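Form predicted on its own, single chain, as structure tokens, below.
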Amino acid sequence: MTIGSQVKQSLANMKAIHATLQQLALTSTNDEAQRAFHEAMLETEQMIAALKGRISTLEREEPQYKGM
């Protein structure tokens, strides 16, 4: 597995984690748990943005990774 495909797989995993945290935040009946899930979800959004930026950089600097 290439670096490009590993980063893209990490992005897919992070999006799945984000969706799970979002679902937990919406369905939790405990206010403290809701807040914790929501805060974690916000952190994953930052990680997703960073991974997207890294993918853009990889595709720009290493054309063989484009579209993988």
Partner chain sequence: MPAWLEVAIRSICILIGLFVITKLLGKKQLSKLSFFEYIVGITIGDIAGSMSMDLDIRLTEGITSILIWSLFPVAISIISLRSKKFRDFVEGNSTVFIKNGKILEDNLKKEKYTIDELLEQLRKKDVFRVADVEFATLEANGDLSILLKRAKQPLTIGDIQPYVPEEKEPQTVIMDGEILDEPLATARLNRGWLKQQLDQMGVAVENVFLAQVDSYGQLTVDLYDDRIQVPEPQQKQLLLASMKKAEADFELFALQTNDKEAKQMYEQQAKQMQQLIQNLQPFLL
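Computed from a prediction, not measured in an experiment: that's the story for all the values here. Numbering follows the first chain given and starts at 1.
One more form of this protein exists, namely the form predicted together with its partner chain; it is left out here, but the text below deals with it.
- Contact check for Q46: a heavy atom falls within 4.5 Å of its partner chain in the model of the complex.
- Of the heavy atoms in Q64, none are within 4.5 Å of its partner chain in the model of the complex.
- Within 4.5 angstroms of its partner chain in the model of the complex, the stretch 23-48 places a non-hydrogen atom from each of Q23, L24, T27, S28, T29, N30, D31, E32, A33, Q34, A36, F37, A40, E43, T44, Q46, M47, taken in sequence order.
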